[in-house]
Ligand code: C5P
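Consider the single chain below, provided in structure tokens and representing the form predicted alone.
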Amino acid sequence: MTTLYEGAFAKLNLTLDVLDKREDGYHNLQSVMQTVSIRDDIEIDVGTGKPWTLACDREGIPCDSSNLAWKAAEVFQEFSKKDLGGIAIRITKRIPSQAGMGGGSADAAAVLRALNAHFDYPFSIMALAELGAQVGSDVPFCVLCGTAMVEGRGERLRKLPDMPKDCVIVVCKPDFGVSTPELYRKIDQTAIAHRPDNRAMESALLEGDLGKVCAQIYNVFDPLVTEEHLEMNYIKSIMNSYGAIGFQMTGSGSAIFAVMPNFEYAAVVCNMLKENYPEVYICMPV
């Protein structure tokens, strides 16, 4: 038996645009995504010779074959033709749930990376990301990590210049979650008044100009969620009042992130928000 260890990094959507609805029921998206240092830890015992098991230290997380980490192991075994010989997966959760930060997808991606390394890299990183599309829409990006343009259902990836590292990010997860299917139904019935300029975001990343990057941060879901949950405006006002260069909801919510100029400003925002919200994090782009 061998034990594998892998970090599972959360993602933020610097931009998120919803395009047309596909024949398969999903939507075509265009999003610039960024991994950050908030991470789950994954341990995998390979070759246990016993039935598969999955354990997680957070209540409410499925610990059976419905968990994306389990599905990722199944997909890897099927497409690599490698017999895992029984596995035990253990997940230490830190990424907040129902936040739009890809926690389950990050765990699945970590399983794919760990197994790929263990079996001496039968897949390239892009082939492994393609494999991740069999598991979930955000898994391909979470396999790749860094900064990337994500299109289609999430399966089309293009690496972008790294987000400028001279910043600190504060993430606040409010007490409520958001139903992703319900949000997509709502946006199908909404005339989107403003969309992100992904070309301008790419140019800003290429320049390495943090101010220009932050000026292009935008998520078409944000106004819809804020309309239903006005406390989002309170969180953003705290971020804005204490020096945020840019702020926005990530994914389909409900976490909001703020790009701060340095750790000192980030610490002040974090302390202010923690008075009302227990899930507040300081992180960096990775």
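Predicted model, so just to flag it, every value in this text is computed and none were measured. Start at 1 and count along the sequence shown; that's the residue number.
Note that the form predicted together with this ligand isn't included here; everything after this is about it.
Only one segment in the set 23 to 31, 39 to 47, 239 to 247, 224 to 232 has residues whose heavy atoms sit within 4.5 Å of this ligand in the predicted complex; it is 23 to 31. For the residues Ser203, Ser97, Thr190, Thr180, the 4.5 Å heavy atom test against this ligand in the predicted complex is passed only by Thr180. None of Arg153, Lys93, His118, Arg90 but one reaches within 4.5 angstroms of this ligand in the predicted complex through a heavy atom, and that residue is Arg153.
Using a 4.5 Å cutoff between non-hydrogen atoms, Phe176 does not count as a contact of this ligand in the predicted complex. Using a 4.5 angstroms threshold between heavy atoms, Ser137 counts as touching this ligand in the predicted complex.
Phe79 falls outside the set of residues with a heavy atom inside 4.5 Å of this ligand in the predicted complex. Residues of 48 to 85 placing a heavy atom within 4.5 Å of this ligand in the predicted complex: none.
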